[in-house]
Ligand SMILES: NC(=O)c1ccc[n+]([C@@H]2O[C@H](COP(=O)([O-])OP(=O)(O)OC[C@H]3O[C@@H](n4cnc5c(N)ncnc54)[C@H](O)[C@@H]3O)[C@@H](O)[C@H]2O)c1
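Starting off, we have a lone chain in the form predicted on its own, written out as C-alpha cells.
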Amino acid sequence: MDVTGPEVLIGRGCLEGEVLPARAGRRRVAVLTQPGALETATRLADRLTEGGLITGLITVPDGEAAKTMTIAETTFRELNRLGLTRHDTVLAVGGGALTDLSGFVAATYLRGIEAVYCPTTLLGAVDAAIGGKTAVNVGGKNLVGVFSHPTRVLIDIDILEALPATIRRQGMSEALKAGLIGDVELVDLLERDGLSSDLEEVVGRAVSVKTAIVEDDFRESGRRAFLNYGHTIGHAVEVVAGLSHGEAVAVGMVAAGRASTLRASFTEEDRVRTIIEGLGLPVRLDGDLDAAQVLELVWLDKKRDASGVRMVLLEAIGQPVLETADPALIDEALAAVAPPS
C-alpha cells in the first residue's frame, strides 16, 4: 500500500488556484459535497468543466448522516453513472464527515482511485482531512474503513474564517487535542486567545502535529493512537448523547483528563477543563445518560485489543501515554462528565 502523505496546501484563497495535481489520463472528476458546501463545490466543478474535464456533482447529507453504507452505495452507483476510471478523481468539498466518506469511496471504488480533499470546516481541516483514515459508521463510529491518503489537501483560510462560531468551535476541539498531545505552544495560544486565535497558525500547528505522527505510524500500530486522545469516551457519548463530534471530543478530553490524573499523575486537569470552557465547548453532559450504552460502545471501540480498551492519557501536556483501561477507570472517567444528579 502506498503510504506517501498528501501535498497539504494551507493559505488564503488557495482554492482559487489549481485545485487538482497533475495526473496523466484524467478525464472525469466526481465532486462530492454536502448542502453546507454546495456553493463552493459548484464553483469548483464549473471551473473544472471549463478546463475541459467531464465533471459530475454528487451531494450527500450534511454531517454523520453521510457516513452510512447506504450513502456509500448510492455514491458508488453515481460513479458508475459518471463512468469514472482508475485515471480519474474524486474531489471532496465539505466537512470532516464528507472527507471520511469520500476517501472511503475513492479508496474502494475500482480498488482505488485518486482523492483530493478541500475541507470547508475547521474540524475537517485540522483532523479528518489529514492522516489517511477513511470510514463509514456501522453500529459504532468509523468501524468500516481503510487507510488511504488523498494526493492533495487544500485548506483555504478565507473559507474557514467565514465559518459561524458554532462550526469553528467544533474544529477548535480537535486543534486543542493536537496541542495536548504534541504542541505546548498551541495549547498556550488557545488558552490565551480562544475562538479568536489566528486560524492560520492554529491550522498549521495542528496539521504539523498530526502529519508528524502519521508519517511515523501510518496504520496505527504505535504512537498514532495518541491522536485518539479524548475519543475513547468521546465517540461513545457522541452516539449516545447525540452531540456533534467536536462537542463529544471536548467532553471526552475532560473524561480523559480525569483518567490521566488517576492513572498517569497528570496535574493540569483543571487547566484543560478551563481552556475547553473558554472555547465555548461542553465539559459535561446534560440530561439523562444511558451509561450502560456508553460502556457498550466503549468496549466496541476500534482501539481495543486482546487486553482491553487502549486509552490515551497525559502524563503532562505534550506527553501522551497509552494505557489499557479497566472498567473501574472508565467508570471514574465517565463520572467526571456525567450529568449532575
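Values in this document were obtained by computation on a predicted structure and should not be read as measured data. A residue's number is simply how far along the shown sequence it sits, counting from 1.
Same protein, other form: the form predicted in complex with the named molecule, not shown, and the subject of what follows.
Enquirer: Taking heavy atoms only, is T120 within 4.5 angstroms of the named molecule in the predicted bound form?
Expert: Contact check for T120: yes, within 4.5 Å of the named molecule in the predicted bound form.
Enquirer: With heavy atoms only and a cut-off of 4.5 Å, decide whether G95 touches the named molecule in the predicted bound form.
Expert: Yes, G95 is a contact residue.
Enquirer: Determine whether any heavy atom of R205 comes within 4.5 Å of a heavy atom of the named molecule in the predicted bound form, and answer yes or no.
Expert: Contact check for R205: no, nothing within 4.5 Å of the named molecule in the predicted bound form.
Enquirer: Quick one: is L91 in contact with the named molecule in the predicted bound form, heavy atoms, 4.5 Å cut-off?
Expert: L91 lies outside the contact set for the named molecule.
Enquirer: Which one of I275, A37, A30, L44 is close to the named molecule in the predicted bound form, taking close to mean a heavy atom within 4.5 Å?
Expert: In short, A37.
Enquirer: Out of I113, I213, I167, I157, which one falls within 4.5 Å of the named molecule in the predicted bound form, going by heavy atoms?
Expert: Looking at I113, I213, I167, I157 one by one, just I167 meets the 4.5 Å heavy-atom criterion.
Enquirer: Have a look at 50 to 58, 292 to 300, 312 to 320, 63 to 71 and name the one stretch with heavy atoms inside 4.5 Å of the named molecule in the predicted bound form.
Expert: Every other range fails; the passing one is 63 to 71.
Enquirer: Thinking of K133, N142 and H245 as the candidate spot, does the named molecule come within 4.5 Å of a heavy atom on all of them in the predicted bound form?
Expert: So, yes: the whole triplet contacts the named molecule.
Enquirer: If you look in the predicted bound form, which residues in 262 to 289 sit within 4.5 Å of the named molecule (heavy atoms)?
Expert: None of them.
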